[in-house]
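Just one chain follows, in the form predicted on its own, and it is written as C-alpha coordinates.
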Amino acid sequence: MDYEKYLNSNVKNIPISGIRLVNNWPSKIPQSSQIKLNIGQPDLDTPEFIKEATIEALRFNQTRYTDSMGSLQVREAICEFLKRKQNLLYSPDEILVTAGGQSAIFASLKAILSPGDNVVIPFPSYPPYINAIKYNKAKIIPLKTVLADNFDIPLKQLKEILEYTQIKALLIISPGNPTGVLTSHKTQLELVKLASEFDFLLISDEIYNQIVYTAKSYQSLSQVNEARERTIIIQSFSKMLSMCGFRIGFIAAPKPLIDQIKVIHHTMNICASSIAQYAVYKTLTDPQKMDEAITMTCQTYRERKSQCVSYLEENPHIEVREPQGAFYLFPRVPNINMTDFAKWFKYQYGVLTVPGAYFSIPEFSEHNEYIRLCFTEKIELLRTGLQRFNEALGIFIRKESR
(Lines give C-alpha, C1' and ligand atoms only; values in the text may rest on other atoms or scores of the structure.)
Protein backbone atom coordinates (compact mmCIF):
# COMPACT_ATOMS: atom_id res chain seq x y z
CA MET A 1 0.00 0.00 0.00
CA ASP A 2 1.29 3.45 -0.92
CA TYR A 3 1.05 5.44 2.30
CA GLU A 4 2.91 8.43 0.87
CA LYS A 5 -0.25 9.81 -0.75
CA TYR A 6 -1.98 9.92 2.63
CA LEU A 7 0.73 11.89 4.40
CA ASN A 8 0.72 15.66 4.86
CA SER A 9 3.25 16.88 2.32
CA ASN A 10 4.06 19.86 4.51
CA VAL A 11 5.27 17.73 7.43
CA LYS A 12 6.40 14.37 6.08
CA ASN A 13 9.92 15.59 5.27
CA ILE A 14 10.43 17.51 8.51
CA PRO A 15 12.89 15.48 10.64
CA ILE A 16 12.69 14.70 14.33
CA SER A 17 14.90 16.79 16.61
CA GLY A 18 18.59 15.90 16.31
CA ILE A 19 18.76 15.76 20.11
CA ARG A 20 16.83 12.49 19.93
CA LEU A 21 18.31 11.35 16.64
CA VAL A 22 21.67 10.62 18.22
CA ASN A 23 20.04 7.84 20.25
CA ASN A 24 19.75 5.87 17.01
CA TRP A 25 23.40 6.15 16.01
CA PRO A 26 25.32 2.86 16.22
CA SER A 27 27.90 2.10 18.90
CA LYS A 28 30.13 -0.83 19.67
CA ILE A 29 29.66 -0.04 23.37
CA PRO A 30 26.64 -1.81 24.94
CA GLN A 31 23.76 0.55 25.69
CA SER A 32 23.95 -0.27 29.39
CA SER A 33 27.51 1.11 29.46
CA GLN A 34 26.89 4.25 27.42
CA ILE A 35 27.06 7.73 28.94
CA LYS A 36 24.26 10.04 27.82
CA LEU A 37 25.35 13.66 27.65
CA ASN A 38 22.78 14.45 24.97
CA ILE A 39 19.42 14.81 26.76
CA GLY A 40 18.63 17.88 28.86
CA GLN A 41 16.75 15.96 31.51
CA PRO A 42 17.65 16.48 35.18
CA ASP A 43 19.00 13.32 36.79
CA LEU A 44 17.91 14.58 40.21
CA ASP A 45 14.87 12.90 41.71
CA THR A 46 11.60 14.79 41.93
CA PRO A 47 11.51 16.26 45.48
CA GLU A 48 9.74 14.08 48.04
CA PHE A 49 7.10 16.66 48.91
CA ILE A 50 6.05 16.80 45.25
CA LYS A 51 5.85 13.01 45.12
CA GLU A 52 3.63 13.08 48.21
CA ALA A 53 1.40 15.69 46.60
CA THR A 54 1.08 13.48 43.53
CA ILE A 55 -0.02 10.53 45.67
CA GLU A 56 -2.43 12.82 47.49
CA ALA A 57 -3.93 13.86 44.16
CA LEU A 58 -4.85 10.26 43.47
CA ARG A 59 -6.25 9.74 46.95
CA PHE A 60 -8.38 12.86 46.57
CA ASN A 61 -9.57 11.70 43.15
CA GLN A 62 -7.98 14.61 41.28
CA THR A 63 -8.30 12.61 38.06
CA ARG A 64 -10.91 14.50 36.06
CA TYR A 65 -10.65 17.20 33.41
CA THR A 66 -9.90 20.64 34.74
CA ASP A 67 -10.86 23.90 33.09
CA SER A 68 -9.17 24.03 29.68
CA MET A 69 -7.12 26.99 30.93
CA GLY A 70 -6.00 24.98 33.95
CA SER A 71 -7.69 24.94 37.34
CA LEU A 72 -8.30 28.39 38.77
CA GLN A 73 -6.37 27.65 41.97
CA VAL A 74 -3.29 26.64 39.96
CA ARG A 75 -3.45 29.78 37.83
CA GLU A 76 -3.84 31.92 40.92
CA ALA A 77 -0.83 30.20 42.48
CA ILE A 78 1.21 30.78 39.30
CA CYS A 79 0.32 34.49 39.47
CA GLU A 80 1.64 34.60 43.03
CA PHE A 81 4.78 32.73 41.96
CA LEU A 82 5.49 35.23 39.16
CA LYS A 83 4.89 38.15 41.51
CA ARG A 84 7.11 36.68 44.23
CA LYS A 85 9.98 35.66 41.97
CA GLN A 86 10.04 38.41 39.34
CA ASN A 87 7.54 41.05 40.43
CA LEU A 88 5.38 40.25 37.39
CA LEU A 89 1.71 41.10 37.74
CA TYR A 90 -0.59 38.75 35.82
CA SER A 91 -4.21 37.80 36.39
CA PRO A 92 -5.47 34.19 36.17
CA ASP A 93 -7.14 34.89 32.82
CA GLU A 94 -3.67 35.72 31.43
CA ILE A 95 -2.27 32.32 32.43
CA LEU A 96 -2.69 29.08 30.48
CA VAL A 97 -1.54 25.86 32.15
CA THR A 98 -0.04 23.61 29.47
CA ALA A 99 1.08 20.02 28.98
CA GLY A 100 4.74 20.99 29.35
CA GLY A 101 6.80 23.71 27.75
CA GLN A 102 6.77 21.99 24.36
CA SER A 103 2.98 22.22 24.10
CA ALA A 104 3.20 25.84 25.17
CA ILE A 105 5.60 26.61 22.33
CA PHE A 106 3.60 24.73 19.71
CA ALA A 107 0.24 26.20 20.74
CA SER A 108 1.63 29.74 20.89
CA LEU A 109 3.13 29.55 17.41
CA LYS A 110 0.06 27.86 15.96
CA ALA A 111 -2.13 30.61 17.39
CA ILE A 112 -0.21 33.53 15.92
CA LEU A 113 1.34 32.28 12.68
CA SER A 114 -0.26 32.27 9.24
CA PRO A 115 1.36 30.88 6.06
CA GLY A 116 4.09 33.22 4.88
CA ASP A 117 4.59 34.98 8.21
CA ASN A 118 8.17 35.70 9.23
CA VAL A 119 9.72 34.70 12.55
CA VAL A 120 13.22 35.74 13.58
CA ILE A 121 15.26 33.19 15.55
CA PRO A 122 18.82 33.71 16.81
CA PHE A 123 20.86 30.54 16.20
CA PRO A 124 22.02 28.25 17.67
CA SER A 125 18.67 27.55 19.28
CA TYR A 126 16.25 24.84 20.38
CA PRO A 127 15.48 22.58 17.35
CA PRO A 128 11.71 22.05 17.79
CA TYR A 129 11.13 25.77 17.15
CA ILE A 130 12.05 25.13 13.54
CA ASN A 131 9.52 22.33 13.10
CA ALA A 132 6.72 24.21 14.83
CA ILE A 133 7.20 27.17 12.50
CA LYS A 134 7.41 24.99 9.39
CA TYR A 135 4.18 23.18 10.33
CA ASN A 136 2.47 26.56 9.99
CA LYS A 137 4.10 27.25 6.60
CA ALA A 138 5.72 30.30 8.13
CA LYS A 139 9.27 31.43 7.35
CA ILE A 140 12.31 31.51 9.60
CA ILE A 141 14.63 34.50 9.36
CA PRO A 142 17.87 33.45 11.06
CA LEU A 143 20.37 35.46 13.05
CA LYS A 144 23.82 33.99 13.65
CA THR A 145 25.32 34.24 17.14
CA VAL A 146 28.85 33.10 18.01
CA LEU A 147 30.99 32.25 21.01
CA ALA A 148 33.30 35.23 20.47
CA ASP A 149 30.34 37.55 21.21
CA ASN A 150 29.05 35.31 24.00
CA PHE A 151 26.17 34.36 21.68
CA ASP A 152 24.62 37.81 22.12
CA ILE A 153 21.89 38.73 19.64
CA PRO A 154 23.42 40.79 16.80
CA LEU A 155 21.23 43.88 17.05
CA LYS A 156 22.74 45.57 14.01
CA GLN A 157 21.77 42.62 11.80
CA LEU A 158 18.33 42.49 13.37
CA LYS A 159 17.76 46.15 12.62
CA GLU A 160 18.79 45.63 9.00
CA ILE A 161 16.24 42.82 8.68
CA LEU A 162 13.49 44.91 10.23
CA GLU A 163 14.11 47.79 7.82
CA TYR A 164 13.12 45.63 4.85
CA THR A 165 11.03 42.76 6.24
CA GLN A 166 7.81 42.66 8.23
CA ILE A 167 8.07 40.03 10.94
CA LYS A 168 5.35 38.54 13.14
CA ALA A 169 7.55 37.58 16.08
CA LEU A 170 11.04 37.20 17.50
CA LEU A 171 11.60 33.94 19.41
CA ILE A 172 14.35 33.79 22.03
CA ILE A 173 15.32 31.42 24.83
CA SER A 174 17.11 32.66 27.93
CA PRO A 175 18.96 31.01 29.59
CA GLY A 176 19.83 29.53 26.23
CA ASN A 177 19.64 26.00 24.94
CA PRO A 178 22.26 24.97 23.84
CA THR A 179 24.43 27.90 24.89
CA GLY A 180 23.52 28.50 28.55
CA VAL A 181 23.70 32.25 27.87
CA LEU A 182 21.43 34.85 29.46
CA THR A 183 20.12 37.64 27.25
CA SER A 184 21.63 40.79 28.73
CA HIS A 185 19.40 43.52 30.16
CA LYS A 186 20.84 45.94 27.60
CA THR A 187 19.83 43.62 24.77
CA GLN A 188 16.39 43.07 26.31
CA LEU A 189 15.80 46.83 26.36
CA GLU A 190 16.78 47.13 22.72
CA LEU A 191 14.59 44.18 21.67
CA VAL A 192 11.56 45.70 23.35
CA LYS A 193 12.26 49.05 21.72
CA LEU A 194 12.51 47.41 18.29
CA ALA A 195 9.37 45.33 18.88
CA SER A 196 7.43 48.49 19.61
CA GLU A 197 8.92 50.43 16.70
CA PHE A 198 8.43 47.68 14.11
CA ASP A 199 5.31 46.14 15.66
CA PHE A 200 6.09 42.48 16.29
CA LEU A 201 5.56 40.03 19.14
CA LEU A 202 8.23 38.70 21.49
CA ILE A 203 8.12 35.01 22.43
CA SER A 204 10.41 34.41 25.39
CA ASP A 205 11.13 30.79 26.33
CA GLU A 206 12.15 31.03 29.98
CA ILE A 207 11.95 27.41 31.10
CA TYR A 208 15.45 27.52 32.63
CA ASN A 209 14.79 30.78 34.45
CA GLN A 210 15.26 29.25 37.92
CA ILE A 211 18.57 27.56 37.02
CA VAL A 212 20.98 30.49 36.86
CA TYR A 213 24.53 30.93 38.13
CA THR A 214 25.01 34.70 38.02
CA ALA A 215 25.02 36.97 41.06
CA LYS A 216 22.08 38.96 39.71
CA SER A 217 18.60 37.47 39.85
CA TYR A 218 16.99 36.41 36.60
CA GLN A 219 15.07 39.10 34.74
CA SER A 220 12.13 38.06 32.62
CA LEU A 221 11.63 39.87 29.35
CA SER A 222 8.19 40.91 30.60
CA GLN A 223 9.82 42.92 33.38
CA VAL A 224 11.14 45.40 30.83
CA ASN A 225 8.97 48.52 30.50
CA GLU A 226 6.47 48.30 27.62
CA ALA A 227 7.35 44.64 26.94
CA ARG A 228 4.42 42.99 28.66
CA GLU A 229 1.72 43.92 26.14
CA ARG A 230 3.52 42.18 23.27
CA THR A 231 5.31 39.33 25.07
CA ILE A 232 4.42 35.64 25.37
CA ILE A 233 6.28 34.02 28.27
CA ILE A 234 6.84 30.24 28.18
CA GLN A 235 7.69 28.48 31.44
CA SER A 236 7.82 24.90 32.69
CA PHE A 237 8.29 23.08 35.97
CA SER A 238 10.21 20.26 34.24
CA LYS A 239 13.73 21.57 34.70
CA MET A 240 13.55 23.61 37.89
CA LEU A 241 11.93 20.80 39.92
CA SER A 242 12.88 17.63 38.00
CA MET A 243 9.31 17.13 36.80
CA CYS A 244 9.91 16.34 33.12
CA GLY A 245 7.55 13.37 33.06
CA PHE A 246 4.73 15.34 34.69
CA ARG A 247 4.39 17.39 31.48
CA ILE A 248 3.33 20.61 33.17
CA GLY A 249 4.14 24.18 32.18
CA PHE A 250 2.39 27.46 31.53
CA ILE A 251 2.09 30.52 29.32
CA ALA A 252 1.79 34.08 30.61
CA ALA A 253 0.55 36.57 28.03
CA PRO A 254 -2.06 39.29 27.46
CA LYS A 255 -5.61 37.91 27.54
CA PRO A 256 -6.37 38.41 23.81
CA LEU A 257 -3.38 36.18 22.99
CA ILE A 258 -4.19 33.64 25.69
CA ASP A 259 -7.78 33.41 24.45
CA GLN A 260 -6.53 32.23 21.05
CA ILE A 261 -3.70 30.05 22.33
CA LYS A 262 -6.04 28.20 24.70
CA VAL A 263 -8.16 27.05 21.75
CA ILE A 264 -5.12 25.41 20.14
CA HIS A 265 -3.99 23.86 23.41
CA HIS A 266 -7.48 22.52 24.10
CA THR A 267 -7.55 20.92 20.65
CA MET A 268 -4.22 19.24 21.39
CA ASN A 269 -4.67 18.24 25.02
CA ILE A 270 -8.12 19.30 26.34
CA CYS A 271 -6.23 20.34 29.48
CA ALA A 272 -2.99 19.65 31.29
CA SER A 273 -2.88 16.61 33.57
CA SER A 274 -5.10 17.15 36.59
CA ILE A 275 -2.72 15.11 38.75
CA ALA A 276 0.27 17.20 37.67
CA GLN A 277 -1.72 20.39 38.22
CA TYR A 278 -2.54 19.35 41.79
CA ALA A 279 1.14 18.53 42.47
CA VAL A 280 2.18 21.93 41.11
CA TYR A 281 -0.49 23.69 43.19
CA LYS A 282 0.78 22.07 46.39
CA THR A 283 4.32 23.00 45.38
CA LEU A 284 3.56 26.64 44.59
CA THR A 285 1.65 27.09 47.84
CA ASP A 286 4.62 25.87 49.87
CA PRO A 287 7.19 28.45 48.73
CA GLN A 288 9.76 27.54 51.39
CA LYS A 289 10.03 23.92 50.26
CA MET A 290 9.89 24.97 46.63
CA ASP A 291 12.74 27.45 47.04
CA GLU A 292 14.80 24.92 48.97
CA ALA A 293 14.37 22.39 46.16
CA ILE A 294 15.33 24.94 43.48
CA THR A 295 18.35 26.09 45.51
CA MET A 296 19.55 22.50 45.85
CA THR A 297 19.11 21.95 42.12
CA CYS A 298 21.08 25.09 41.27
CA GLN A 299 23.86 24.24 43.70
CA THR A 300 24.21 20.73 42.28
CA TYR A 301 24.48 21.96 38.70
CA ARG A 302 26.72 24.88 39.63
CA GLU A 303 29.27 22.46 41.12
CA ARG A 304 29.06 20.17 38.09
CA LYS A 305 29.39 23.12 35.70
CA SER A 306 32.60 24.31 37.32
CA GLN A 307 34.19 20.87 37.23
CA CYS A 308 33.14 20.23 33.64
CA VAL A 309 34.48 23.57 32.42
CA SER A 310 37.80 22.83 34.16
CA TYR A 311 38.07 19.51 32.31
CA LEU A 312 37.40 21.14 28.95
CA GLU A 313 39.76 24.05 29.55
CA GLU A 314 42.61 21.56 29.91
CA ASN A 315 42.21 20.67 26.25
CA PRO A 316 44.08 23.13 23.98
CA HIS A 317 41.82 22.31 21.04
CA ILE A 318 38.65 23.56 22.77
CA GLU A 319 37.15 27.04 23.13
CA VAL A 320 34.59 27.14 25.94
CA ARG A 321 32.75 29.68 28.12
CA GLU A 322 31.03 29.03 31.43
CA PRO A 323 27.25 28.93 30.98
CA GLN A 324 25.24 31.52 32.92
CA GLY A 325 22.25 29.24 33.29
CA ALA A 326 20.63 25.91 32.30
CA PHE A 327 22.83 22.79 32.30
CA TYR A 328 24.61 22.79 28.96
CA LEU A 329 28.15 23.31 27.77
CA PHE A 330 28.58 24.39 24.16
CA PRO A 331 32.31 24.30 23.36
CA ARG A 332 33.82 24.99 19.97
CA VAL A 333 36.58 23.03 18.23
CA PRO A 334 37.70 25.20 15.28
CA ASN A 335 37.96 23.59 11.86
CA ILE A 336 36.58 20.23 13.04
CA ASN A 337 33.32 18.71 11.77
CA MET A 338 31.69 17.93 15.10
CA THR A 339 28.87 15.96 13.52
CA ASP A 340 31.41 13.47 12.22
CA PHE A 341 33.18 13.51 15.56
CA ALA A 342 29.99 12.98 17.60
CA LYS A 343 29.02 9.92 15.53
CA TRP A 344 32.53 8.46 15.78
CA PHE A 345 32.71 9.32 19.49
CA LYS A 346 29.51 7.44 20.25
CA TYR A 347 30.56 4.44 18.18
CA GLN A 348 34.05 4.14 19.65
CA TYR A 349 33.50 5.37 23.22
CA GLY A 350 29.77 5.03 23.89
CA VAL A 351 29.28 8.68 24.88
CA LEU A 352 26.27 10.49 23.41
CA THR A 353 26.57 14.19 22.55
CA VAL A 354 24.76 16.52 20.14
CA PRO A 355 26.63 18.34 17.34
CA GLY A 356 26.08 22.07 17.07
CA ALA A 357 24.69 21.75 13.54
CA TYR A 358 21.54 20.22 15.04
CA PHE A 359 20.83 23.52 16.80
CA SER A 360 21.30 25.61 13.69
CA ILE A 361 20.76 25.76 9.95
CA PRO A 362 23.06 24.69 7.08
CA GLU A 363 23.78 28.31 6.12
CA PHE A 364 25.56 28.82 9.44
CA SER A 365 28.16 26.12 8.83
CA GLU A 366 30.40 27.48 11.59
CA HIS A 367 27.97 26.07 14.15
CA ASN A 368 29.07 22.58 13.13
CA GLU A 369 32.31 23.33 14.98
CA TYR A 370 30.35 23.26 18.26
CA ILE A 371 29.00 20.40 20.33
CA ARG A 372 26.47 20.33 23.19
CA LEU A 373 27.31 18.46 26.38
CA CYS A 374 24.73 18.17 29.17
CA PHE A 375 25.91 18.01 32.76
CA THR A 376 22.78 16.19 33.89
CA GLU A 377 24.56 12.97 34.87
CA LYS A 378 26.14 12.09 38.21
CA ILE A 379 29.57 13.65 38.62
CA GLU A 380 31.39 10.31 38.34
CA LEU A 381 29.80 9.67 34.94
CA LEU A 382 30.52 13.25 33.86
CA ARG A 383 34.19 12.87 34.73
CA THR A 384 34.41 9.63 32.79
CA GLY A 385 32.50 11.09 29.83
CA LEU A 386 34.65 14.21 29.65
CA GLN A 387 37.90 12.26 30.08
CA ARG A 388 36.81 10.15 27.11
CA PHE A 389 35.84 13.33 25.25
CA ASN A 390 39.28 14.89 25.68
CA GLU A 391 41.05 11.66 24.75
CA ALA A 392 38.81 10.97 21.74
CA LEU A 393 39.02 14.52 20.43
CA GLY A 394 42.82 14.38 20.33
CA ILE A 395 42.77 11.07 18.45
CA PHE A 396 40.09 12.34 16.04
CA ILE A 397 41.98 15.55 15.25
CA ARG A 398 45.17 13.60 14.54
CA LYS A 399 43.21 11.19 12.37
CA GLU A 400 41.61 14.04 10.41
CA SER A 401 44.91 15.84 9.86
CA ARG A 402 46.58 12.89 8.12
Ligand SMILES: Cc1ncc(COP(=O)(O)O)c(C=O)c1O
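Since the model is a prediction, treat every value here as computed from it, not as a measurement. Residues carry their position along the shown sequence, with the first being 1.
Beyond the structure shown, there is the form predicted together with the named molecule, which is absent from this document and is the topic of what follows.
Interface membership of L329, defined by any non-hydrogen atom within 4.5 Å of the named molecule in the predicted bound form, is ruled out. At the 4.5 Å threshold, heavy atoms of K239 reach the named molecule in the predicted bound form.
Interface membership of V320, defined by any non-hydrogen atom within 4.5 Å of the named molecule in the predicted bound form, is ruled out. Although the partner is absent here, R247 lies within 4.5 Å of the named molecule in the predicted bound form, judged by heavy atoms. For the options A279, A252, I207, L109, the residue carrying a heavy atom within 4.5 angstroms of the named molecule in the predicted bound form is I207.
Only one of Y311, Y301, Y126, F81 comes within 4.5 Å of the named molecule in the predicted bound form through a heavy atom, and that residue is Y126. Checking 231-239, 81-89, 68-76, 140-148 against the named molecule in the predicted bound form, the stretch whose residues place heavy atoms within 4.5 Å of it is 231-239.
With contact defined as any non-hydrogen atom lying within 4.5 angstroms of the named molecule in the predicted bound form, the contacting residues in 163-194 are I173, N177, given in sequence order.
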